[in-house]
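Given next, in structure tokens, is a single chain: the form predicted on its own.
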């Protein structure tokens, strides 16, 4: 893949107070736009695991038409930022970027096991990466960071808005019948409706969509 060109680049090794200010400055840059599903061929699932003072970022590029993995990469190194709730992107993006640089080609969409706009400052990891790359991105999280939703029906595909401070910030989505939902939110250059559609369409066997399910496995095992 050609060298990654970052938009709105900034330092990562900053105190938490400065990291919060960077989030606030970048959050207004997040934009929503309909996803051209006909043009989407590959979705990159991304996940990061941390053990002690080491981090491993994994990316799995999934062909949504052939329903198969076409490429994957990992990057390991020292943990660059302490664990601070709401500042996950400062801990994980510095590991994700070198993993992405090991790919041969740029994916069409980035799907992260993380939050997007369902974040206290409306700027979770999926937003941060999407804005930096100026690419379509969405978060598909296993738990809620902010917001509440009404009860979901049991069938696959049932959904309810995730609401925080009277604002819809995401979608509680049941990807398997009678299994706890995932929490989908906009990262960048995608609408919430399209993010939910993409996540549901790629939830083939497991609760998580296939790209992030495989990335999660790769980040923890070091192999698919």
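Numbering follows the first chain given and starts at 1. What you see is a predicted model, and the numbers here were worked out from it, not measured in a lab.
We do not show the form predicted in complex with the DNA, though everything after this point is about it.
142 is the sole member of 102, 142, 106, 148 with a non-hydrogen atom within 4.5 Å of the DNA in the model of the complex. Checked against the DNA in the model of the complex, the candidates 169, 61, 48, 190 yield a single residue with a heavy atom inside 4.5 Å, and that residue is 48. Proximity of residue 213 to the DNA in the model of the complex falls outside the 4.5 Å heavy atom cutoff. Although the partner is absent here, residue 86 is a contact residue: one of its heavy atoms lies within 4.5 angstroms of the DNA in the model of the complex.
Residue contact check for residue 91: one or more of its heavy atoms lie within 4.5 Å of the DNA in the model of the complex. Taking the partner from elsewhere, residue 114 is found to have a heavy atom lying within 4.5 Å of the DNA in the model of the complex. Shown alone, this chain has one stretch from 154-162, 40-48, 191-199, 63-71 that lies within 4.5 Å of the DNA in the model of the complex by heavy atoms: 40-48.
Contact residues in stretch 171-193 (any heavy atom within 4.5 Å of the DNA, taken in the model of the complex) are limited to 178.
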